[in-house]
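Here's a solo chain for you in structure tokens, the form predicted on its own.
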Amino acid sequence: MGKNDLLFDYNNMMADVIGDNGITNEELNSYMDKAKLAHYNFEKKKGYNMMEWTKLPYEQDSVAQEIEAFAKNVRQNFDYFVVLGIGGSALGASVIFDALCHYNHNLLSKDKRNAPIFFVEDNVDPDRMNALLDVVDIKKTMFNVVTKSGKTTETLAQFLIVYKLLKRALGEEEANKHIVFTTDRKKGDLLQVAKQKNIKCFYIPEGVGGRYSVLSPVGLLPASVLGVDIRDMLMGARDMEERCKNFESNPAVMKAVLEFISYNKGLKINVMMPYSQSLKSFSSWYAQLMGESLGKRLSLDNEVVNVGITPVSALGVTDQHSQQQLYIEGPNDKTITFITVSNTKTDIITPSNSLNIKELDYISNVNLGKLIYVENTATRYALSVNGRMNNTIIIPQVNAYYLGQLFTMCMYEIVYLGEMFNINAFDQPGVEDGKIATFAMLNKSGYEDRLECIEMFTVLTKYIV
């Protein structure tokens, strides 16, 4: 572990630091055998079933080369790039955009941003879709349609809308050049369309689920279009993966066992609170990863367990003024995970106090980078002296390399937790119930039996006021 590595600080989880509400060394040691077993099982399962995502940092040289060539063409020939997807098919691209591009990327002149204007359309709200179509020039837009299954209802609906508009504006042959699919190599509706229309595809490996797909073409293609060095991102992921092979120096397994102990002590909510505006959407990505992976009714032994850590997204310093009161004096049922950035990309200094108000002296000639660090330290202190468990992921700076490390650490943490909970961290049967109900209500063939039950449910008026 070098001085410039990502670090995990868990001092404020421990009883000898924050008092009786913390975890004692004896408690931590008592769970180490379970943590070691989770680590062992993880290493043993790599590359199998839904663990193929662990290979992504190592086996994508040719894919990266193809993506880079395609992305270069997009930057040269298109003014807009729009991702159509939802959940894991969209959140990773949003994180990369927010973390690694200028805060006002879409407002910069073309020569300053050196990349297309970028949107992620991850909802079927008609007002939002129409608003997007109001601002993009469809003749100058590349649409990246992303769905692993190739049959995600929301994404297919978006695709049909934009494809009709493209054909009307450009004709079918030219319209096909404005679409790129990211989907499964062997199955799904998108694959059939691609073969019929000769539409370019990038493929998600079979054993890579949506919420674990950010380091596949799902995230790498938008990243490369935006000018991000995807090789650096993969290198960061690879370095974290190598570090996690060693149980003793593994930040992901340590974070996992601390969250598991906390859960068993009744702290069943985790707040992810980055102290960097550029990582605000990272907490949303992490929320999906945690919620969808760990929230399960059945164990691997088919026992009803109804487990899961509830994720909450927050942003420092903004949410010091909206949520912190709850975290310090409300129910002690949460752990807080901060992300601290050692070096901001830029800095700015407040001017000297020229207003002759002595009370403003403390804020004169202060770097905002120092101010956000002080605010974070103060928040950690306030939580800790009130016996509230918190931990901190420290990254040297927000760049492609450390984002690759951060993605990988968090994915590993969640799978370790899945092993400790003895649940399947890769399925989502609860989500499937909602999908089936949607298919039935839209009269999709094969779902007629479910429709009658849903119609009875939706007409209930007994408790409406």
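The shown structure was predicted, so the numbers you read here are calculated from the model rather than taken from an experiment. Quick note: we count residues from 1 along the sequence shown, nothing fancier.
Below, we refer to the form predicted together with a small molecule, which is not included among the displayed structures.
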item	value
Residue contact check: residue 251 to the small molecule in the predicted bound form, 4.5 Å heavy atom	no
Exercise: residue 259 in contact with the small molecule in the predicted bound form, heavy atom 4.5 Å	no
Contact flag, residue 308 vs the small molecule in the predicted bound form, heavy atom cut 4.5 Å	no
4.5 Å heavy atom contact, residue 211 to the small molecule in the predicted bound form	yes
Heavy atom within 4.5 Å of the small molecule in the predicted bound form - residue from 431, 37, 50, 64	431
The single option of 88, 316, 236, 116 touching the small molecule in the predicted bound form, heavy atom within 4.5 Å	88
Interface stretch in the predicted bound form with the small molecule - options 294 to 302, 352 to 360, 142 to 150, 240 to 248, non-hydrogen atom within 4.5 Å	142 to 150
